[in-house]
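Only one chain is given next, in structure tokens, and it is the form predicted on its own.
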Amino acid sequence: MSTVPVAVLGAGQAGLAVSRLLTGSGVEHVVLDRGRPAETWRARPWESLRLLTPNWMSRLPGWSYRGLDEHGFMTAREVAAYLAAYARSFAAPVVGGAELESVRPAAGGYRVDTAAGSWTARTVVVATGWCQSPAVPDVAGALDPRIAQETAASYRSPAALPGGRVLVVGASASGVQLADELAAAGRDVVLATGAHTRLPRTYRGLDILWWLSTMGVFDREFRATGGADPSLQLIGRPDRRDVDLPALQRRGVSLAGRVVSVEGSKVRFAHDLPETTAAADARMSALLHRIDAYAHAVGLDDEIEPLPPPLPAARTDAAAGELDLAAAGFGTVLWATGYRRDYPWLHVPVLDAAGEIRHVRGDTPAPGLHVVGMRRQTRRSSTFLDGVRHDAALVVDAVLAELGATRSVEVAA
């Protein structure tokens, strides 16, 4: 049994950001992970997976991208190498092979039991990530076993799927990227689409994320609305192609509404595609008008491309209401329906009815127990590689206050 002031659970971007700030403040701690730093990025089998954010948007405390392609997009393997180099840069005290077994209150703080040993810590920071396990809807259990099922977390490449048509369920970032890749490989794809967030990859000659970052959209503190928060329909490809619904239709992808039921090989879809696409288009149009107003206000009108014509809308009149997958030649259903979190090892009463950790800006109801890396923890970019530094600083400030210390490292390089 070892004793440390702080135990950080997870050596991904959030855990390493916390570790860097603790190291800079001279606080002894340990970072416990089931694998190596950035193991989640390293283990993703999706061969073409890249960051959606350009390389310059990879700022962490005391670290930033210094390569030659600042406007490019790192592959998953490159992200893993980037984070591993970050960990080495400050000799992060990572203990690998430390699969979590239990975290429970103990005298003076918490006891953390792992496959690599046990620690007692006055303070624990949970940084196990937002995208732990794929969230597959219950209706998947009713699907005909002749149809293969994959998720965005298990997908490798078009060639690795069984033959036949593919139904991709979910039109957020992963779903539209998968539909685009499969269509480009010659596969016949139907994309089941619910609420989504449409964006062009570039606007008036500049990357859309440059606009959003420059306008401070990502740094704006989050205000809870209770509404849905689909990820952006973007892809980080060198050709900066769009993967919104009209672009996918031009590449041969068929659209349907969201999946409402599955009975054997029969899948039924909601008739809400016109409404969800119109809502997404309205939100996008409002955002582009804000960009235009911002560009005019700061004097960029003569330095950027002129106003483009309105972007076309997706065609929704031919959307299927029902498909018999077996009869129509489908071989695979690919679920791109988000992720969930599991905390079977957390024996502290901080979970809500949905199994999520209750917290306010990273502070849980349990003294000395914090969390970082949650979606919209304090801002739109809380789960971005570039955005986690802000929440890490807030959490470390709280930890240091508990320990009677102060932070001495800035949140960005």
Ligand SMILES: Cc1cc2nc3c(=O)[nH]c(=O)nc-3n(C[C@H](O)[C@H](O)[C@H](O)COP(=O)(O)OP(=O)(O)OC[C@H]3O[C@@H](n4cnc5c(N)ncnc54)[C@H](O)[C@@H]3O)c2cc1C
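Sequential numbering from 1, following the sequence displayed. Being a predicted model, the structure only gives us computed values, none of them experimental.
Below, we turn to the form predicted together with the ligand, even though it does not appear here.
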To test your reading of this chain, name the stretch in 61 to 69, 22 to 30, 348 to 356, 382 to 390 whose heavy atoms come within 4.5 Å of the ligand in the predicted bound form.
382 to 390
Quick one: is residue 39 in contact with the ligand in the predicted bound form, heavy atoms, 4.5 Å cut-off?
yes
In the predicted bound form, does residue 84 come within 4.5 Å of the ligand, counting heavy atoms only?
no
Would residue 210 show up as a contact with the ligand in the predicted bound form if we use heavy atoms at 4.5 Å?
no
Check whether residue 128 has any heavy atom within 4.5 Å of a heavy atom of the ligand in the predicted bound form, and answer yes or no.
yes
Any chance all of 167, 172 and 335 sit within 4.5 Å of the ligand in the predicted bound form, going by non-hydrogen atoms?
no
Any residue of 80 to 115 that, in the predicted bound form, places a heavy atom within 4.5 Å of the ligand:
98, 99, 100
